[in-house]
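First comes one chain, alone, set out as structure tokens in the form predicted on its own.
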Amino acid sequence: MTLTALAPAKINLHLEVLGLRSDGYHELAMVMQSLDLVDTLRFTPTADGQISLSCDRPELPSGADNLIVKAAQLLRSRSGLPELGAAIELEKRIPIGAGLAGGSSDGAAALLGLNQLWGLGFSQEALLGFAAELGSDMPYCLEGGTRLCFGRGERLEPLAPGQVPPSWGVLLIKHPAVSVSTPWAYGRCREMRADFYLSREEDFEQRRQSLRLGPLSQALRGEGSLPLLRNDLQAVVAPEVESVTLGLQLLRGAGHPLAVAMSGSGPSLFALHRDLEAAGAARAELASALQAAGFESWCCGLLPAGVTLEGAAPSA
């Protein structure tokens, strides 16, 4: 039996750095959104007790440091069944090192897929706990859709019960030769913005509430127009990464985007358009400029959920 899981990319519609936590991580207030740009993972059980990973992108490490392997090993260790094995194949479509949580989404898909493949029966709550141990973005990648994300990113809240994402189209671009270190970006943010950091929990909660009730959340619920998008890391990264500055300029100048921003710590950039047709038209308008500047591009829609098993209906 082979089981297939789909692992979507995400973008940050809002990324606000509130301050520093006692554990050394930054306290964040974010809105994240799943895209229909997905990696595909196929799981086949083995009787040899080994966990192996192969990928169609040879430059991607497939050893013990890969989050898919880490997720599989953690799940197996918590099951108490060391004899469990699996051969995992990864078909990679999400660009690597792009600020789109591709690695975290793949790891989340491994938790979901192997829990089913091995018949372990762990609850979604248990899987979310395992995911939080493995990475800040991974719980979101399990749940996905449109979510408010707090703490270091692992505290999730839906915008509204049963919320369906808007029918916007996303024009996504990334320069394949450029990557941005997430620890570097947050380090630079601390150097440049520490004077503005909040320190009290009540101040953190005030900012969270502002995001819950603010214009972005209203627009995502269909109750108003889309505001300018905030990404505190964009102001840090753009001045030092030429492709980010250029890409933002290109996206702002094509079609009539609703908003333009960097995702996460970059270097991926996106423009929101009223629908996929408008995003495709902007992509066509930019085709020669993107090619000349060396950018790859994708047109994507928004998804109501995160990782799923193929053939299973996603839930909001």
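In this text the structure is predicted, and so the values were computed from the model without any measurement. So that there is no doubt, residue numbering starts at 1 and follows the sequence shown.
What follows is about the form predicted together with cytidine-5'-monophosphate, which we do not show.
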{"query": "Contact segment among 19 to 27, 302 to 310, 5 to 13, 288 to 296, judged by heavy atoms lying within 4.5 Å of cytidine-5'-monophosphate in the predicted complex", "finding": "19 to 27"}
{"query": "Residue among Tyr186, Phe122, Phe204, Phe130 with a heavy atom within 4.5 Å of cytidine-5'-monophosphate in the predicted complex", "finding": "Tyr186"}
{"query": "Contacting member of Arg208, Arg230, Arg76, Arg152, with respect to cytidine-5'-monophosphate in the predicted complex [4.5 Å, heavy atom]", "finding": "Arg152"}
{"query": "is_contact(Ser217, cytidine-5'-monophosphate) in the predicted complex, heavy atom dist at most 4.5 Å", "finding": "no"}
{"query": "Partner proximity in the predicted complex: Asn115 to cytidine-5'-monophosphate, non-hydrogen atom cutoff 4.5 Å", "finding": "no"}
{"query": "Partner proximity in the predicted complex: Gly97 to cytidine-5'-monophosphate, non-hydrogen atom cutoff 4.5 Å", "finding": "no"}
{"query": "Proximity of Thr182 to cytidine-5'-monophosphate in the predicted complex, heavy atoms at 4.5 Å", "finding": "yes"}
{"query": "Partner contacts in the predicted complex for 104 to 138 (non-hydrogen atom within 4.5 angstroms of cytidine-5'-monophosphate)", "finding": "Gly135, Ser136"}
